[in-house]
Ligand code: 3UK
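Given next, in structure tokens, is a single chain: the form predicted alone.
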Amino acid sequence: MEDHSIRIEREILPSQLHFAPVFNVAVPFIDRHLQEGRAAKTAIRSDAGEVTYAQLAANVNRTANLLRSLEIVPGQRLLMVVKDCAEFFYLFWGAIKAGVVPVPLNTLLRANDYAYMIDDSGAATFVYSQEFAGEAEAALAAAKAKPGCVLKAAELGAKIAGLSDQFTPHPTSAETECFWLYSSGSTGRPKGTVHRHRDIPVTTQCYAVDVIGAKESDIFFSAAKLFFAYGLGNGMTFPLWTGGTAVLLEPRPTPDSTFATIVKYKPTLYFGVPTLYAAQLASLETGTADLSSIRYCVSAGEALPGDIFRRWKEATGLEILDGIGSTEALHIFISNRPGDIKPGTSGRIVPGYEARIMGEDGQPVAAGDSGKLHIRGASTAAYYWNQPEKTKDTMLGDGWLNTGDTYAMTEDGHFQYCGRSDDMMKVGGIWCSPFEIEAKLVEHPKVLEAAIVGRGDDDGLIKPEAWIVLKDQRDSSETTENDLREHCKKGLAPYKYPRWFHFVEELPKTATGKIQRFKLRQH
């Protein structure tokens, strides 16, 4: 096989991918399009302008040359706090082409989160968009292991302008470490999830092509951002695999901004999360939006309540293909699909993956019973950086991955979500740790103890609920509740603040002092 090539067998599903011994994933996702006649086609479209496939390839190569000139060597990490923009593509693929490991970070986090990730990763390079300068620069000041190189994304164009638009790909293999994504764990400590060069092609072929039928004529719009696994696929790797066009929305998505983007750019595939679909439905109660360009809507990040599916179809005429994925598996591995949708379930296994539901005894459960969901597929991460015990708990051997979710199988073979296997919750499609919110609440001078659990709102979507023991019970009031809410909003990522507060005299605990959150959830 020619270096950096992929041979795909699609006679029967699942598709079989065969990688050349020398394989750098940037070649089939970037360079291939010039060879296949797409040089003049628009690869990226946004309010900032358009980028053709030829311009994309040239700027990826220039960015790789920039990293080489800065003596960033293969295997070193490049942390990215970068908005959804063309520069994200240049940095991500330029790093991969040079053998450097890009690490996109959640742009909603705070300085202490970034400082931890800088130190944990041992990053050689840190790049940030000006919109996040406050938190990013505070993190750089606080970090113990300072990156040797710091870049502002807005200055990338000027820095690469005079550099060569040619670059020889670093000779990696399909099994070489390629990029990381940080995933929060049950303790709230972020985990560097290490993905290989093979992982992106597997998700793009097995899910994007084989399940939703993505093709070259599609225009992809993901309200879910590029910094986490779901958005990374929807908004970047899927269009680059098929030769389609990616539509980017730089600001945080709202019903108004997403509807305006759909009207302006007319995407054929739209990717959202249940929280946003619920907000869009509320907006449609008093207004309208032209969604006629959309072929399929997709949802993931958290389970989609059946009621939202039904209301969305009634309001728009479109069905939502709900599925479940993870940072560790990179994208969706169980999904509803065109012609096979069961509202309120995550659908069926994606071709190319396997699933099993395991009981507490370590054996598969009987049909209809719930248990821990394990999956296996060729896109699963190699390990967690610097966390061997968590790697052992999650990457179970023989290719199996413990998702941390509890599931049951319906009689007709659909997977039914039952909740998390630990105390983590997803808010707006992003994992949220109760421990982090509790720690912030306890910082307040009036709070003695705090516990956070997940609670469904009127749409069935999970939000944080706070149970508070005050130092002085006489402070229990609406004023204190408002103070605590604002305290969390100022100190945490904006989606993490508690929506409900309960002031109690004590929290239920075990004999060893651990809070029994399941008792709080029962309320």
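Treat the numbers as computed from the prediction; the structure is a model and nothing was measured. The first residue of the shown sequence is 1; numbering continues from there.
Separately, the form predicted together with the named molecule exists; it is not shown, and the next lines address it.
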Is Gly301 close enough to touch the named molecule in the predicted bound form, meaning at least one heavy atom pair within 4.5 Å? yes
According to a 4.5 angstroms non-hydrogen atom cut-off, is Lys426 in contact with the named molecule in the predicted bound form? yes
Residue-level question: is Ala136 within 4.5 Å of the named molecule in the predicted bound form, judged on heavy atoms? no
Would you please decide whether His331 lies within 4.5 angstroms of the named molecule in the predicted bound form, comparing each non-hydrogen atom pair? yes
As a check of understanding, the residue in Tyr417, Tyr116, Tyr383, Phe435 with any heavy atom within 4.5 Å of the named molecule in the predicted bound form should be identified as Tyr417
Heavy atom within 4.5 Å of the named molecule in the predicted bound form: which of Leu91, Ala98, Ala229, Val82? Ala229
Look at the stretches 172 to 180, 363 to 371, 280 to 288, 323 to 331 and give the one with heavy atoms within 4.5 Å of the named molecule in the predicted bound form. 323 to 331
Sequence-ordered residues of 392 to 408 touching the named molecule in the predicted bound form, heavy atom within 4.5 Å: Thr403, Asp405, Tyr407
